[in-house]
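Below sits a lone chain in C-alpha cells, taken as the form predicted on its own.
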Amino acid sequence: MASIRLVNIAKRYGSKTALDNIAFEVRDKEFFVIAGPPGAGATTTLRIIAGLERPDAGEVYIGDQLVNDVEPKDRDVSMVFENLALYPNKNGYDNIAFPLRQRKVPVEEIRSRVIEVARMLKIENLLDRYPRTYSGGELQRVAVARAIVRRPKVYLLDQPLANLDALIRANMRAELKRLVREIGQTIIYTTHDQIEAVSMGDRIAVINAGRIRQLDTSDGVYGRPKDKFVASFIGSPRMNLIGCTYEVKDDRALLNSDSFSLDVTSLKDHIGRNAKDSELILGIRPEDIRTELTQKSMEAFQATVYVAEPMGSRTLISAQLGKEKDVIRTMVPGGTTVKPGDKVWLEFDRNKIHIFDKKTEEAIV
C-alpha cells in the first residue's frame, strides 16, 4: 500500500516559514496535485516526502511506516525535478537504466524494463541518442522514463512541464494522464499552472504561503472555492472580485458597489448568519456574466469596453465600471464586434456568484 500521510508538517528557513502545519493524506494509487504560486511551499513538501529535507515538526508516513528518520534511498520513492537533470554524457538508454544499475538489477532485467518503459512513452528512437540532441518534450519523456523504470511505491513529479513551450506542454499533459492510467501507482505532482492542476488531478491541494487553502476535487476548487485566494488562483480567465457593501432595505438584501446594485434577497438569511460585517467581496467568473450590446434586462448594468482580446471561439472583454474605473472581465462569442470605448450591458448569473468576507477573505456563499 502506497498511501502518503503528512501530519502537521512545519518547515522554516531562518525567519521564513516555508510550511505552516501542513496536513493531508494521499490515497493509494491516487494522482494528487499540489498547486500554488512560486514560493508557496509545494516543492518543499515534495522534498520532505522524498527525505531530501527534514521537517522541523510533524510526521511523514508512507503506507503505515513513519519515515522521518528513513534515508531517501530507503523510502522507495522516485522524483522528477523541474530541471530534469539527465546525464549529458550518457545516451537515453543509459540515463534510463542508471537507477537500476545503482541497485544492481540483473542486466537482462534492466534491458527488459528499459525497453518496456521506452515503448510506453514512445521514445524507442531516443535510446541511442544523447540529451543535447533532444527537444524539450523528448527531454521530459526520458526524465519521466528514468523515474518510472524503478517501479517505486510513489512518484513525485515536481513541476515537470514548467520549462516546455505551450504546445508541447499541452501534449505532455495528455501523455502524462495516459501514463498515470497505465502505471497505476501513487503520484504527487506539483505545478504553478492551474490548468494543469484542474485537468490532471484526482484531487488538488491548493497551497499558498506554506498553508493548504483547500483540498478538493477539480469541480470543488473551481465551483466552490473556500476563500478569495483559491477563487483568484483557480480559473482562466481569473474570477472577478468586486468590493461591495451589504445592506437590507425594505426586506430586500442588496450588494452595492459604485457601479451596480445586486439583489441577493434569496441569500439574505445565509449572509446574515455568516458575514462578519457589511463589507463583502462579490466574486463572479467571466463566463458567468451575460454580455449584451444593448440593454435587454432591467437587472443589467452598463460598462465601457477597455480592451477586447479575440480567443478564437470567444472574445475576452475587459470593461471599466463606473467612476472608479474598476475593470471587470467577461466573455462574448468569437466574431462579436467590440472595440475600446463601446458600451456593453452586463448581467450576473445569480446562481454562480460567490461572496467572501472582506476581512477574513473566507467564502460565505
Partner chain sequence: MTRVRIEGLTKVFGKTLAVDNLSLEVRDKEFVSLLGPSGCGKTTTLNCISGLETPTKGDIYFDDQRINDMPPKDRGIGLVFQSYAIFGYMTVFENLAFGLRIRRVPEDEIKHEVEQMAEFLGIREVLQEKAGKQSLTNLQKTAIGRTLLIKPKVLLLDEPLSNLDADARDVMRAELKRLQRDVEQTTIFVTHDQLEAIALSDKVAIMNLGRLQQYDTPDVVYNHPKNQFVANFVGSPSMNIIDCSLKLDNEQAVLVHPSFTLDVTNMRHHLEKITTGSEVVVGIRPEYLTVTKQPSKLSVAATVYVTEPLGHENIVYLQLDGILLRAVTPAAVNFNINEKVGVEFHKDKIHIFDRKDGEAIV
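This one's a predicted model, so the numbers in the text were calculated from it and none came from an experiment. Residue numbers count along the first chain shown, from 1.
As for the form predicted in complex with the partner chain, it is not shown, yet the points below apply to it.
A.B. asks: Among the candidate residues 276, 111, 203, 238, which is the single one with a non-hydrogen atom no more than 4.5 Å from the partner chain in the predicted bound form?
C.D. replies: Checked against the cut-off, the match is 238.
A.B. asks: Only one of 287, 247, 258, 116 gets a heavy atom within 4.5 Å of the partner chain in the predicted bound form. Which one?
C.D. replies: Of the candidates 287, 247, 258, 116, 287 is the one lying within 4.5 Å of the partner chain in the predicted bound form.
A.B. asks: Can you tell me whether residue 61 touches the partner chain? I mean in the predicted bound form, with a 4.5 angstroms heavy atom cut-off.
C.D. replies: No, residue 61 is distant from the partner.
A.B. asks: Would residue 297 count as touching the partner chain in the predicted bound form under a 4.5 Å heavy atom rule?
C.D. replies: No, residue 297 is distant from the partner.
A.B. asks: Considering non-hydrogen atoms and a 4.5 Å limit, does the partner chain approach residue 27 in the predicted bound form?
C.D. replies: Output for residue 27 is no: heavy atoms all beyond 4.5 Å of the partner chain.
A.B. asks: Although the partner isn't part of this model, could you tell me whether residue 198 comes within 4.5 Å of the partner chain in the predicted bound form, counting any heavy atom of the residue?
C.D. replies: Yes.
A.B. asks: Within 4.5 angstroms, counting heavy atoms, which one of the listed stretches 178-186, 144-152, 261-269, 68-76 is next to the partner chain in the predicted bound form?
C.D. replies: Going by heavy atoms within 4.5 Å, the stretch is 178-186.
A.B. asks: In the predicted bound form, do 218, 311 and 340 all reach within 4.5 Å of the partner chain through at least one heavy atom apiece?
C.D. replies: Contact check passed for all of 218, 311 and 340.
A.B. asks: Give, in sequence order, every residue of 112-127 that has a heavy atom within 4.5 Å of the partner chain in the predicted bound form, or say none if there are no such residues.
C.D. replies: Contacts from 112-127: just 122.
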